[in-house]
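Single chain ahead, by itself, as structure tokens, in the form predicted on its own.
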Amino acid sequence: MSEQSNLPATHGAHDNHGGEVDYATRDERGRYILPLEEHTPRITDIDPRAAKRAERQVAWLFTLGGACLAGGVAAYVAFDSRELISVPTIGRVSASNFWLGTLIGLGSFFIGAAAIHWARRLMPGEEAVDHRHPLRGDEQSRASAIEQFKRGAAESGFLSRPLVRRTMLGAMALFPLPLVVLLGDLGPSPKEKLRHTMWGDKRMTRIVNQGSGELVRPEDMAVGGLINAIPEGLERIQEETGTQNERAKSSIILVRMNPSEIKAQQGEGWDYEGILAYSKICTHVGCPISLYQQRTHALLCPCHQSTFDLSDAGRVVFGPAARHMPQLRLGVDAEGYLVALGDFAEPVGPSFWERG
């Protein structure tokens, strides 16, 4: 191990433990030299059999690390994403995610342990002092640095211990494999999936109060009120697909204000008697929103404080969001229930790089 020293020429310096250091000598520039402890040889320095045993231990740790990483990928492919297992203290979790995370963690641990064991048992363990010097040295210093690098590489055993070298390279080659698999599982571009929601499945889709589960009538809403809502039939879709993807896209908020207070909408006559419907998903990074200020008609995102004016077509008035909140056209059906008259005119959720 190498230390750099540039100690001031003053008395009364202290070591890392708070004790006073007794400097014995100075170098040619008058700087005090920190005395180093006498090097005690390790058993691997004097016993070739111990060194060989440590080499095999390092190789086994690298091998275990690579095997765990490969096993994580295999488990991710083998288990269905909807298959659940019970884990103590955690509960019911996805078997695929559990084994992938566990084996990646173990693989990273074994590779790290192998590197530490290699450094502590087989690499040179002597301490040395190297004084600081200007950033760019002269040609002689640079040649000396290159020579030291080559000597260090030789002393590390990377070239002379092929078992360690090969197992390390194998483990490190497998290390990025789980990450590649995870990236590939991100699926296709979200552009088309976010462009279509359940609100566009029918010409008129009834609106359900998310809290009570009841269909919404216009008279259920008072001026200044807000209702979190979902499309009728959403629960059935969730049961069929086993996911909440459609809920994430189709959740909306309903607000009611005096029609005279509506400054602008995203289409002609998109409110119904002052009732407006907007996506519940912030256009910044997709946080759900329902913090509504009645007096200013401002909708505030709790994540990054993006603020939208719902009386002015959901326009952004503050914060990092770059797009207004998507709006639904509203009406009532023959039975007097509030309905959406089609899908959003644009993709819901956060902006992404493919969107023009």
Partner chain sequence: MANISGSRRRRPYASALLLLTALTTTGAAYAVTTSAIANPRTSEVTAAQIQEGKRLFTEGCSSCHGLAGQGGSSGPSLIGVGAAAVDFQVGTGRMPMAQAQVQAMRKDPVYTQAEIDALAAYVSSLGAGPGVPDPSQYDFSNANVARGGEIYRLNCSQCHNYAGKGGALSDGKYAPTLMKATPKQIYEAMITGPQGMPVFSDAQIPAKDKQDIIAYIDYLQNAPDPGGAALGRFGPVTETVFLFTAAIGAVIAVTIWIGAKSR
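Residue numbers count along the first chain shown, from 1. Owing to the predicted nature of the structure, the values given are computational and were not obtained by experimental measurement. Whichever C-alpha set is largest while still superposing within 1.5 Å between the two forms counts as the rigid core.
Heads up, the form predicted together with the partner chain isn't pictured, but that's what we're talking about next.
S.K.: Which one of I262, V223, L182, M204 is close to the partner chain in the predicted bound form, taking close to mean a heavy atom within 4.5 Å?
M.R.: Of the candidates I262, V223, L182, M204, V223 is the one lying within 4.5 Å of the partner chain in the predicted bound form.
S.K.: Heavy atoms within 4.5 Å of the partner chain in the predicted bound form: does I90 have any?
M.R.: Contact with the partner chain, yes.
S.K.: With a 4.5 Å heavy atom cut-off, would you call E219 a contact of the partner chain in the predicted bound form?
M.R.: Although the partner chain is absent here, E219 would touch it in the predicted bound form, with heavy atoms inside 4.5 Å.
S.K.: With heavy atoms only and a cut-off of 4.5 Å, decide whether A113 touches the partner chain in the predicted bound form.
M.R.: Because a heavy atom of A113 falls inside 4.5 Å of the partner chain in the predicted bound form, the answer is yes.
S.K.: At 4.5 Å between heavy atoms, is A51 in contact with the partner chain in the predicted bound form?
M.R.: A51: no contact with the partner chain in the predicted bound form.
S.K.: Counting only heavy atoms and a 4.5 Å cut-off, does the partner chain in the predicted bound form sit next to every one of R56, R166 and L169?
M.R.: Checking in the predicted bound form: none of R56, R166 and L169 is within 4.5 Å of the partner chain.
S.K.: If we take heavy atoms and a 4.5 Å cut-off, which stretch out of 262-270, 208-216, 172-180, 140-148 is in contact with the partner chain in the predicted bound form?
M.R.: Every other range fails; the passing one is 208-216.
S.K.: Could you list the residues in 251-280 that come within 4.5 Å of the partner chain in the predicted bound form, counting only heavy atoms and keeping sequence order?
M.R.: Stretch hits, in order: R256, N258, E261, E273, K280.
S.K.: After superposing the rigid core, is the C-alpha displacement of G269 2 Å or more between this form and the one not shown?
M.R.: False for G269: its C-alpha shift is below 2 Å.
S.K.: Once the two forms are fit on the core, has L100 moved its CA by at least 2 Å between this form and the one not shown?
M.R.: Moves: yes, 2 Å or greater.
S.K.: So, superposing on the core, is the move of S212 at the CA at least 2 angstroms between this form and the one not shown?
M.R.: For S212, whose C-alpha is compared between this form and the one not shown after core superposition, the shift is less than 2 Å.
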